[in-house]
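In C-alpha coordinates, one chain follows: the form predicted alone.
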(Lines give C-alpha, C1' and ligand atoms only; values in the text may rest on other atoms or scores of the structure.)
Protein backbone atom coordinates (compact mmCIF):
# COMPACT_ATOMS: atom_id res chain seq x y z
CA UNK A 1 0.00 0.00 0.00
CA UNK A 2 2.82 2.40 0.89
CA UNK A 3 4.58 1.58 -2.37
CA UNK A 4 1.38 2.26 -4.33
CA UNK A 5 0.93 5.61 -2.56
CA UNK A 6 4.53 6.55 -3.34
CA UNK A 7 4.02 5.74 -7.02
CA UNK A 8 0.83 7.79 -7.12
CA UNK A 9 2.62 10.75 -5.56
CA UNK A 10 5.40 10.50 -8.13
CA UNK A 11 2.79 10.67 -10.86
CA UNK A 12 1.39 13.96 -9.56
CA UNK A 13 2.60 17.22 -11.13
CA UNK A 14 4.85 19.52 -9.12
CA UNK A 15 1.90 21.78 -8.28
CA UNK A 16 0.17 18.92 -6.47
CA UNK A 17 3.22 17.70 -4.55
CA UNK A 18 5.20 19.52 -1.88
CA UNK A 19 6.31 22.58 -3.78
CA UNK A 20 9.90 23.79 -3.66
CA UNK A 21 11.40 27.11 -4.53
CA UNK A 22 14.46 26.91 -6.76
CA UNK A 23 16.30 28.36 -3.76
CA UNK A 24 16.15 24.96 -2.07
CA UNK A 25 17.94 23.27 -4.97
CA UNK A 26 20.94 25.63 -4.96
CA UNK A 27 24.37 25.19 -3.43
CA UNK A 28 24.78 26.56 0.08
CA UNK A 29 27.10 29.30 -1.19
CA UNK A 30 24.48 30.56 -3.63
CA UNK A 31 21.78 30.40 -0.96
CA UNK A 32 24.00 32.48 1.32
CA UNK A 33 24.44 35.04 -1.47
CA UNK A 34 20.68 35.45 -1.78
CA UNK A 35 20.08 35.63 1.98
CA UNK A 36 22.59 38.42 2.60
CA UNK A 37 21.45 41.70 1.08
CA UNK A 38 25.02 42.97 1.27
CA UNK A 39 26.17 40.09 -0.97
CA UNK A 40 23.11 39.71 -3.18
CA UNK A 41 24.05 41.46 -6.45
CA UNK A 42 20.37 41.88 -7.30
CA UNK A 43 20.16 44.50 -4.58
CA UNK A 44 22.13 46.85 -6.86
CA UNK A 45 19.13 46.86 -9.21
CA UNK A 46 16.77 47.35 -6.25
CA UNK A 47 18.82 50.36 -5.09
CA UNK A 48 18.75 51.89 -8.58
CA UNK A 49 15.01 51.23 -8.76
CA UNK A 50 14.52 52.97 -5.41
CA UNK A 51 16.33 56.05 -6.73
CA UNK A 52 14.16 56.08 -9.84
CA UNK A 53 10.99 55.53 -7.82
CA UNK A 54 11.80 58.38 -5.42
CA UNK A 55 12.61 60.69 -8.32
CA UNK A 56 9.75 59.87 -10.68
CA UNK A 57 6.94 58.03 -8.89
CA UNK A 58 6.35 59.51 -5.42
CA UNK A 59 3.95 62.17 -6.70
CA UNK A 60 1.42 59.33 -7.02
CA UNK A 61 2.80 56.42 -4.97
CA UNK A 62 4.47 55.81 -1.62
CA UNK A 63 6.85 52.99 -0.80
CA UNK A 64 4.26 51.57 1.60
CA UNK A 65 1.65 51.50 -1.17
CA UNK A 66 3.86 49.08 -3.13
CA UNK A 67 3.69 46.42 -0.40
CA UNK A 68 1.80 43.43 -1.81
CA UNK A 69 1.52 44.76 -5.36
CA UNK A 70 3.87 42.23 -6.98
CA UNK A 71 2.04 39.34 -5.30
CA UNK A 72 -1.11 40.23 -7.28
CA UNK A 73 0.36 40.42 -10.78
CA UNK A 74 -0.40 39.70 -13.61
CA UNK A 75 -3.67 41.59 -13.20
CA UNK A 76 -6.44 42.95 -15.40
CA UNK A 77 -5.70 46.26 -17.14
CA UNK A 78 -8.82 48.34 -17.66
CA UNK A 79 -7.18 50.58 -20.25
CA UNK A 80 -6.28 47.79 -22.66
CA UNK A 81 -8.93 45.26 -21.65
CA UNK A 82 -6.30 42.56 -21.23
CA UNK A 83 -4.05 41.01 -18.58
CA UNK A 84 -0.84 42.88 -17.82
CA UNK A 85 2.28 41.90 -15.90
CA UNK A 86 4.09 44.10 -13.38
CA UNK A 87 6.72 45.35 -15.82
CA UNK A 88 3.96 46.17 -18.30
CA UNK A 89 2.07 48.10 -15.64
CA UNK A 90 5.15 50.13 -14.76
CA UNK A 91 5.80 50.92 -18.42
CA UNK A 92 2.17 51.94 -18.93
CA UNK A 93 2.29 54.15 -15.85
CA UNK A 94 5.41 55.91 -17.12
CA UNK A 95 3.81 56.50 -20.52
CA UNK A 96 0.36 57.53 -19.32
CA UNK A 97 1.19 59.64 -16.29
CA UNK A 98 4.75 60.87 -16.80
CA UNK A 99 4.08 61.38 -20.51
CA UNK A 100 7.46 60.12 -21.62
CA UNK A 101 8.52 57.15 -23.72
CA UNK A 102 8.22 53.96 -21.63
CA UNK A 103 11.38 52.00 -20.85
CA UNK A 104 12.02 49.09 -23.18
CA UNK A 105 11.45 45.52 -22.04
CA UNK A 106 14.52 44.05 -20.35
CA UNK A 107 16.16 47.49 -20.15
CA UNK A 108 18.11 48.49 -17.05
CA UNK A 109 15.58 51.18 -15.98
CA UNK A 110 12.58 48.83 -16.24
CA UNK A 111 14.34 45.91 -14.53
CA UNK A 112 15.46 48.22 -11.72
CA UNK A 113 12.00 49.68 -11.11
CA UNK A 114 10.35 46.26 -11.33
CA UNK A 115 12.90 44.76 -8.94
CA UNK A 116 12.34 47.59 -6.46
CA UNK A 117 8.55 47.30 -6.54
CA UNK A 118 8.67 43.49 -6.32
CA UNK A 119 11.17 43.70 -3.45
CA UNK A 120 8.55 45.52 -1.37
CA UNK A 121 6.54 42.27 -1.40
CA UNK A 122 9.40 39.98 -0.40
CA UNK A 123 8.14 37.44 2.12
CA UNK A 124 4.49 37.77 1.08
CA UNK A 125 2.55 34.87 -0.49
CA UNK A 126 1.74 34.89 -4.19
CA UNK A 127 -1.98 35.48 -4.66
CA UNK A 128 -4.12 33.17 -6.74
CA UNK A 129 -5.68 35.08 -9.68
CA UNK A 130 -9.28 35.80 -8.70
CA UNK A 131 -10.58 38.24 -11.33
CA UNK A 132 -12.90 36.22 -13.60
CA UNK A 133 -11.75 38.30 -16.58
CA UNK A 134 -8.35 36.61 -16.27
CA UNK A 135 -9.83 33.12 -16.76
CA UNK A 136 -9.24 32.88 -20.55
CA UNK A 137 -5.60 33.96 -20.20
CA UNK A 138 -5.12 31.55 -17.31
CA UNK A 139 -6.35 28.68 -19.46
CA UNK A 140 -4.16 29.85 -22.33
CA UNK A 141 -1.17 29.78 -19.99
CA UNK A 142 -2.09 26.30 -18.80
CA UNK A 143 -2.27 25.11 -22.41
CA UNK A 144 1.07 26.72 -23.29
CA UNK A 145 2.70 25.06 -20.28
CA UNK A 146 1.59 21.65 -21.50
CA UNK A 147 2.27 22.24 -25.20
CA UNK A 148 5.17 20.42 -26.84
CA UNK A 149 7.40 22.90 -28.66
CA UNK A 150 10.40 23.14 -30.92
CA UNK A 151 12.59 20.61 -32.67
CA UNK A 152 13.08 18.73 -29.38
CA UNK A 153 9.27 18.37 -29.04
CA UNK A 154 9.29 19.08 -25.30
CA UNK A 155 6.83 20.83 -23.01
CA UNK A 156 7.31 22.67 -19.72
CA UNK A 157 5.48 19.80 -18.00
CA UNK A 158 8.03 17.22 -19.09
CA UNK A 159 10.89 19.06 -17.41
CA UNK A 160 9.37 20.93 -14.48
CA UNK A 161 6.64 18.48 -13.41
CA UNK A 162 7.65 15.04 -14.65
CA UNK A 163 11.40 15.38 -13.99
CA UNK A 164 11.69 18.09 -11.34
CA UNK A 165 14.48 17.28 -8.90
CA UNK A 166 16.46 15.23 -11.40
CA UNK A 167 19.65 16.54 -12.97
CA UNK A 168 20.21 17.84 -16.47
CA UNK A 169 23.71 18.81 -17.62
CA UNK A 170 24.84 18.82 -14.00
CA UNK A 171 22.06 21.11 -12.74
CA UNK A 172 18.96 20.23 -10.74
CA UNK A 173 15.75 20.69 -12.73
CA UNK A 174 13.59 23.09 -10.68
CA UNK A 175 9.82 23.05 -10.36
CA UNK A 176 9.79 26.44 -12.13
CA UNK A 177 7.93 28.50 -9.55
CA UNK A 178 8.33 32.23 -10.33
CA UNK A 179 8.99 33.31 -6.75
CA UNK A 180 12.01 35.56 -7.25
CA UNK A 181 11.69 37.65 -10.42
CA UNK A 182 13.28 39.85 -11.47
CA UNK A 183 16.25 37.80 -10.27
CA UNK A 184 20.02 37.77 -10.55
CA UNK A 185 21.23 34.78 -12.53
CA UNK A 186 24.89 33.86 -12.29
CA UNK A 187 24.78 32.60 -15.88
CA UNK A 188 23.60 36.05 -17.02
CA UNK A 189 25.85 38.04 -14.69
CA UNK A 190 22.90 40.35 -14.30
CA UNK A 191 19.23 40.69 -13.42
CA UNK A 192 16.58 39.43 -15.80
CA UNK A 193 12.84 38.99 -16.00
CA UNK A 194 10.71 35.87 -16.08
CA UNK A 195 10.15 36.55 -19.78
CA UNK A 196 13.89 36.33 -20.37
CA UNK A 197 13.96 32.96 -18.62
CA UNK A 198 10.98 31.69 -20.63
CA UNK A 199 12.66 32.77 -23.85
CA UNK A 200 15.77 30.86 -22.76
CA UNK A 201 13.70 27.71 -22.24
CA UNK A 202 12.10 28.09 -25.65
CA UNK A 203 15.39 28.51 -27.47
CA UNK A 204 16.73 25.58 -25.43
CA UNK A 205 14.16 23.26 -27.01
CA UNK A 206 14.86 24.90 -30.40
CA UNK A 207 11.57 26.75 -30.55
CA UNK A 208 11.04 30.28 -31.83
CA UNK A 209 10.43 32.46 -28.75
CA UNK A 210 7.67 35.04 -28.56
CA UNK A 211 8.65 38.72 -28.61
CA UNK A 212 9.19 40.43 -25.27
CA UNK A 213 5.88 41.66 -23.90
CA UNK A 214 3.83 39.12 -25.87
CA UNK A 215 0.44 38.16 -24.45
CA UNK A 216 1.58 34.53 -24.38
CA UNK A 217 4.23 35.34 -21.77
CA UNK A 218 1.69 37.14 -19.60
CA UNK A 219 -0.63 34.14 -19.87
CA UNK A 220 2.20 31.77 -18.91
CA UNK A 221 3.13 33.94 -15.92
CA UNK A 222 -0.51 34.02 -14.85
CA UNK A 223 -0.65 30.21 -14.90
CA UNK A 224 2.71 29.87 -13.13
CA UNK A 225 1.56 32.23 -10.38
CA UNK A 226 -1.67 30.27 -10.00
CA UNK A 227 0.45 27.11 -9.74
CA UNK A 228 2.69 28.79 -7.14
CA UNK A 229 -0.11 30.48 -5.16
CA UNK A 230 0.77 30.71 -1.46
CA UNK A 231 4.54 30.44 -2.00
CA UNK A 232 6.57 33.38 -0.72
CA UNK A 233 8.14 36.01 -2.94
CA UNK A 234 11.95 36.27 -2.79
CA UNK A 235 12.79 39.19 -5.09
CA UNK A 236 15.58 39.68 -5.86
CA UNK A 237 16.34 35.97 -5.89
CA UNK A 238 19.70 34.58 -6.98
CA UNK A 239 19.90 31.55 -9.25
CA UNK A 240 22.79 29.63 -10.89
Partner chain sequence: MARVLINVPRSARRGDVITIRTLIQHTMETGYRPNAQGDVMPRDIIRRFTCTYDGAVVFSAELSPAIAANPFLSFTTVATSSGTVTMTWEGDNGFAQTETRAIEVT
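The model shown is predicted, which means the values in this text are computed figures rather than measured ones. Residue numbers count along the first chain shown, from 1.
What comes next is about the form predicted together with the partner chain, which does not appear here.
> So which of 66, 173, 214, 47 reaches within 4.5 angstroms of the partner chain in the predicted complex, heavy atom to heavy atom?
Of the candidates 66, 173, 214, 47, 47 is the one lying within 4.5 Å of the partner chain in the predicted complex.
> Looking in the predicted complex, is the partner chain within 4.5 Å of a heavy atom from each of 39, 108 and 184?
Judged in the predicted complex, 39, 108 and 184 all sit within 4.5 Å of the partner chain.
> Please determine whether residue 202 contacts the partner chain in the predicted complex, using a 4.5 Å cut-off between heavy atoms.
Flag for residue 202 set to no.
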